[in-house]
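Let's start with one chain on its own, the form predicted on its own, as structure tokens.
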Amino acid sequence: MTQKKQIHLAAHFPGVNNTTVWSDPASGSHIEFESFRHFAQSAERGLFDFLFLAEGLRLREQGGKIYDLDVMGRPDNVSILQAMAAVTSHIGLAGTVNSTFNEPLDVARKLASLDFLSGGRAAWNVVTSWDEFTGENFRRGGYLPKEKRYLRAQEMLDVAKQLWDTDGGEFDIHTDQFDITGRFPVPRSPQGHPVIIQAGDSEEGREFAAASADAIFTRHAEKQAGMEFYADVKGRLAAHGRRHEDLKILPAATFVLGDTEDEAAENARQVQYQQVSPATAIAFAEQVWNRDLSDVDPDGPVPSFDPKTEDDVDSGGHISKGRASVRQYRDPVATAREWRELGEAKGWSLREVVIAKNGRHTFVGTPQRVADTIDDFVQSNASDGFVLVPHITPGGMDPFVDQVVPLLQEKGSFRTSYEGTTLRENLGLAPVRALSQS
């Protein structure tokens, strides 16, 4: 019998964004060690491929004040992952480390060290920063335009790979952005080099992933959109001398379970309203309108007036700083018009429109329905699996591990034990060859 395509799962530690329901009594700390330990060990019990940590380099602001509805202030990723290596045995340890504000030798040294400490379970999610606001914390206030950020990211990754391949030896590297000579202080790590993850779906991001990444973390979790993204990115691999199986495509998604379909739907509705409080709805709307909307009723209609345009924005910039959602509103006037039309067509309030437009993709249903849907998406090449983020810290992944994972195993599309000792082996990726052997 032909073996079914195997599902790959990652667990995204929540703790930033309104995805997390902080008002729930079960919600715990997002910075205490016990939260990370519980979350990592739960995901490992569920045989997930890796634990994923996002990065926060500056506290976000709304209207010039710390945005207290969107909890921020994450500890350093590599430090957390080093601690997780001591309390887990198999699960991969993936951390986001920015390529714009770090130097390649320091990043390569830390990640190679993590790969050693964990016995070959390290992964690097390579991101470029997109906003000047965050950049003010670094590089003496300097910042890089978009095209140079991706150029730096590619060069930084290339340089890091060269450093890892020196096996503790000498290096003499000269690129447009890096001019370094010396001896790398860490020998070749168990995986050769950490697994490389890339997040994002811009044209530059897709090419970067096709050329250099082992996995891509994407927002295309709807089936049709996922299939189109999957075909596009996988289709780019051959041009870079890579195989279809050399890149895993893992969209972000969350889940809500219930004993019946009706109960799951009601649970999902309650979670959505907890995630988007009236104040959060106004905050999201201000990111589109780029003005103070504190006098707007979130349970009333979508504002009838237009947002500030680029021509209206003064030198103070956007009312919301550090929020990735701002950049998705490339045409705020068109977005406002779309929101108004949706509200009028559905009879929805501003808050209900925000819920509809800003929610993550959510698998809703009984455990059997969720298992069936995830399996269908993967077998249909809408993805190779998912990066799941629950709405509760730290125990939010437990219901999925206890109720959905066994059903995926019964289908024959999810492992019943870890296949390898390294993350690269468990993801089904080919061993790393030194650049000198390529």
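Here the structure is a predicted model, which means the values were calculated and not measured. Don't overthink the numbering: it's just position in the shown sequence, from 1.
Below, we refer to the form predicted in complex with a small molecule, which is not included among the displayed structures.
Proximity of residue 402 to the small molecule in the predicted complex falls outside the 4.5 Å heavy atom cutoff. Using a 4.5 angstroms threshold between heavy atoms, residue 284 stays clear of the small molecule in the predicted complex. For the chain shown alone, residue 199 is a contact residue for the small molecule in the predicted complex, at least one non-hydrogen atom being within 4.5 angstroms. Proximity of residue 55 to the small molecule in the predicted complex: non-hydrogen atoms within 4.5 Å are present.
Partner contacts here mean any heavy atom within 4.5 Å of the small molecule in the predicted complex, and among 200-208, 296-304, 175-183, 103-111 they occur only in 200-208.
Listed residues 320, 218, 189, 272 were compared with the small molecule in the predicted complex; 218 is the one with a heavy atom within 4.5 Å. Between the small molecule and the residues 268, 233, 127, 80, the one pair within 4.5 Å by heavy atoms in the predicted complex involves 127.
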